[in-house]
Every structure is written in structure tokens, then in C-alpha cells.
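Just one chain follows, in the form predicted alone, and it is written as C-alpha cells.
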Amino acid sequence: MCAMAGRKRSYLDHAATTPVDPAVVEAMLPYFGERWHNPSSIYVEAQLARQAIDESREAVAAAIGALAEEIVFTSSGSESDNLALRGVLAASAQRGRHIVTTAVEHHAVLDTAEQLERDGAELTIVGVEHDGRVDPAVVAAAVRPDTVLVSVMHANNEVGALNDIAAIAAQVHARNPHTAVHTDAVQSATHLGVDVHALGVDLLTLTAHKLYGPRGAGALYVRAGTPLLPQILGGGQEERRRAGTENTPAIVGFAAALRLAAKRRAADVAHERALQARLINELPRRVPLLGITGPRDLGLRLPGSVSAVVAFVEGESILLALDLAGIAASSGSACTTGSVEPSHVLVAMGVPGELARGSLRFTLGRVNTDADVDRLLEVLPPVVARMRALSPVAVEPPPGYLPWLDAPSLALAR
């Protein structure tokens, strides 16, 4: 703790979670207080809570171009992903049991798909390009007459790669009109906004805590007519699609955060793009044997997302040193930080396993400034140098590493 005394910490992990905006907190407060009642009850106080949920549902639907009745509130993005995969498969069992997804999905999709495969479903996992993006034609080619669901994330949470979901949905539907298309838009909703009709999807996952809203509120868009069976039973909530007493404060906060994100989006994106460009340009110039992962074209990359690999150093060790210096960041996916295994995303992209263990992710947000970028650029190079000096491994990259390391970082290494 003494290392942090008197120093403002830099939070560079917005892809993991975001601070709740004060305006969102203000919108939620009445539903922790005088409007705390169960929205399923019939008395006046409860109906005020029900009205707040109905209004929030309309606001979430409007934000993504949907109808209110197409929104199912859940507890999180992970639950929404589970409901999409499990719910569609269960409702479509007589037509088929084949699912298509990609090797770089969030574990909420990948782990669920693999569990469904163990339970008897058929699963096809398609690969990705070296920048982490998915080729729509490859996804469509995997679709069969018995394919009931395709799930491809809109923006990768680790390397920021943006996928052309509209092209994927169009090609999948052209190949099999009965195949439902799902996208996890958890990362993209705050930065880019999403429109379900423009994307052409049948299901779409959202969560509040990635867009300056509270934890405990997620949503699944389900296009009218899409087959879906509930996976949590025990009540009639959410039109019998998801049982459980609604988390009124979190749902209200979710809607407030989405409205605020729409108002601030242009300014937020411009701000995050500027900081992002600085880091992508400067990190390879400051740190030897470092390579930026994910798309170099910022138009194909999530705003504010910067990911890299550093040769001959464990990413977790770097993060601990950065934390002591007052900088909060992550290594690979935030949900798997602490794992000794290399990032499944980087491995799927073709990054050698040992190099993938040196992965770093910096994700910028509203609260970040040029001073945060300056601080990282000041602190990271000596941290890496100190760790390499303690390593018995010779710092000479093998040929397999070279395509993944940036030219300026190779020049520094010499």
C-alpha cells in the first residue's frame, strides 16, 4: 500500500469493468429506498417498481433498434450467452443439434458450447485470421442443414478485433434461413452502439457493467419468432423466459447507462481513439521485443483497446509490478487472469504459446488522460528490463516469434 501513497492510480482495464457513472447511481437510488418492492406484486408500491422495469425495457430496446418484448433481462452477459446457446438448442432439438462458433469467443460462449457438445450436441469451432478477426465466408461454410445456432462475438474482449457481424449474419441466413445468429456485443455496445436490424442478428448479448452501469444487470435480445426455451425456471418473470425476481435498481441503472452512452459516444470514441493511437505507436518504440496484437487498422479495432505481447517475460509478473507502480491493467481476458495457460485468443491467432504468456491488455475509458498514457510509457520499459535481467533465458527471439514483434521493438533489442 505504501507504493500507492500520494499517487493517483491509473485504471487501464475498462474491458474488465467500468466505474458506475454518478448519473447512473442517482437514477438507481430510489429503487434501493422507497421503491424497493417486488415488481411482481399487485399493490401500488410494487407497480411503481414494475413501471420502472417496463420503462427500462423500452429504453434498452430503443437503444438497439428492438421491440420491448424482444428484451429479456438477465443477471449478466455470461447468463445471456448461456441462455442464447442453451435456450435455442433446447427449443430446436427436433430440427438439429449443430452449433457453430469461433475459437476466440469469450468463455461464456466457448465453455457453454463445449458443455453442450459433451451433452450430445455437435459443435464446429472455426478459426480466425492472424489479427483475431473472423472471415464471414469461413463461418458460413461451416453451416449445415441441421445447424440451429451460430455465435460470433462483435468485438473481441482481449485484442479488440471487430467482426463484420452483418456480413456473417447475411451469409449464414442465405445458407440456412432457419439458423439463428447470436452475437456477444458486451464490448461493442458502449463504444460503437449496436442496431440489431443493421447487424441482422437473431440474438444479441448486452451487460450494464461494461458501459458505466452496475453489475448484476444483463440483457438478451431475442428477435420475435426465434425459438428459445428458458433455462432458469421457477417463476413467470420475463414473459416466462427467465425466472427470478427482477433486480430493479440494476435494471434501471442499465437503461440509464445506455442512454448516457448514446449521448457521450462521439466524444468518448474520439477521446479513446487518441489515447489508443498513442499507445499503439509508442509501446513498440519504448519496449524491446514487444508486439501489438490485433488489427492495426483502428477502424477494425475496438476504440480504447490496446493489446500486446512481450517476449521473455510473464505477463502476470509485469502486471504485479505495474500494480505496485499504481497502474491497473490485465493479461489477456480478465476472466482468466491468474491462469498459467496462454491466452486461448492469442493461440487461436497463431501466437507461439510461450510468447502468448507475455500478453498485456490496456483498455482505456472516459476517466483516462494523457497523463495515464505518459505514466505507463514511463513505467513499463524499466519494469520489463528489470525482469529480463533476472531471467536466465537468453533474450534472442526464435524465428517463430519474429512475425509477432514490431520492428521498432526489435531495433531496441539490438
Ligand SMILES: Cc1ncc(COP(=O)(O)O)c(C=O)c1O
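Keep in mind that what you see is a predicted model, and the values were worked out from it rather than measured. Residue positions are given as counts along the sequence shown, with the first one as 1.
Just so it is clear, the following notes concern the form predicted together with the named molecule, a form of the same protein that is not shown.
Although the partner is absent here, Ser78 is a contact residue: one of its heavy atoms lies within 4.5 angstroms of the named molecule in the predicted bound form. By the criterion of a heavy atom within 4.5 Å, His209 is counted among the residues contacting the named molecule in the predicted bound form. In the predicted bound form, the named molecule lies farther than 4.5 Å from every heavy atom of Ser307. Taking non-hydrogen atoms only, Asp184 approaches the named molecule to within 4.5 angstroms in the predicted bound form. The stretch from 150 to 158, 291 to 299, 170 to 178, 113 to 121 that comes within 4.5 Å of the named molecule in the predicted bound form, counting heavy atoms only, is 150 to 158. Contact with the named molecule in the predicted bound form, judged by any heavy atom within 4.5 Å, is made by just one of His191, His106, Arg86, Arg97: His106.
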